[in-house]
Ligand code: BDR
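What follows is one chain in structure tokens, specifically the form predicted alone.
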Amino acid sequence: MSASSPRRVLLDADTGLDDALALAYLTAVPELELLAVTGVDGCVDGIRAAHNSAMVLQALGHPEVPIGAATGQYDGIATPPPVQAFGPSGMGEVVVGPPDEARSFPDSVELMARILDRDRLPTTLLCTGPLTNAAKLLRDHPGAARWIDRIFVMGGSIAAGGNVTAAAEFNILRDPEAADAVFLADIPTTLYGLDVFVQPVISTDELGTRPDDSPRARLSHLLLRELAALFPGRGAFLGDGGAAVVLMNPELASKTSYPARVELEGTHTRGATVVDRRDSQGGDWPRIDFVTAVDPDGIVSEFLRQINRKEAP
């Protein structure tokens, strides 16, 4: 891949409001090629996530992007029910379009493997939902997975604890076995966790009342207004949209590498990301790159710049 080639990205998502913001951003960036969007069980099930992705991509003017769907866990262990922060549809009150209930999708993992085997080029896997599909890809298709140059994960935390339990963040808790398998894989992995997730926020003043006149700007405006309404008094957090911005603009964040594992058994700590911050940092735990700080204003500025960028005729 030459220096001028676009960055190749597979997005694996439990598509809800902020995953849709990530989609709006990823399809706007000229330096990025979005190869596919695959659904995973999370805040909605993997089939609904695929339908949401299809509707969002259609609204953004990118119906050509392949979509996959998948359900189930990495090893079949029962997990807590989804936390429906954005309602049963995952999209709050935003109606992008009716899902095509007759539409079927290829399996998420098989779709990713097929693309990686076909192209045999370095590709980044961006995961904004649980890591079930990522772990299955690594386990079932090691030949294809060797083309993944980095796994960039929205999930976990260093010191912020959890948002579902005192210790565990939702995406990791939803399938801890899968998350630990990804940690243990010999692939560079970055976690964009709760420590920074809530920091990039667009105020209601910045949102204004009218978006720019483009499908991307109009849809993004609707998504952001809904997020601001769901969390009154704080504005609209970019969430997964912020993770997508940092993926493409690493200068807007600071990262530190730590040994880390995922707790699989603790009565009160299952799903916690256990980070070894001792000076010795010894042992045989895999080293994970954690995003430790971000430039919230810079992330918001870059997001809005791309969302409002005029398309070439």
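Predicted model only: the values in this text are computed from it and were never measured. The first residue of the sequence shown is number 1, and the count goes up from there.
What follows is about the form predicted together with the named molecule, which we do not show.
Residues within 4.5 angstroms of the named molecule in the predicted complex, judged by any non-hydrogen atom, belong to 162-170 and to none of the other stretches in 144-152, 162-170, 213-221, 102-110.
Proximity to the named molecule in the predicted complex, taken as a non-hydrogen atom within 4.5 angstroms, holds for one residue of Ala70, Cys43, Val246, Ala272, which is Cys43. The closest non-hydrogen atom of Phe183 lies beyond 4.5 Å of the named molecule in the predicted complex. Using a 4.5 Å cutoff between non-hydrogen atoms, Tyr74 does not count as a contact of the named molecule in the predicted complex. Contact check for Asp175: every heavy atom lies farther than 4.5 Å from the named molecule in the predicted complex. Contact check for Thr189: every heavy atom lies farther than 4.5 Å from the named molecule in the predicted complex. The partner is not shown here, but in the predicted complex the stretch 116-132 reaches within 4.5 angstroms of the named molecule through a heavy atom at Thr128 alone.
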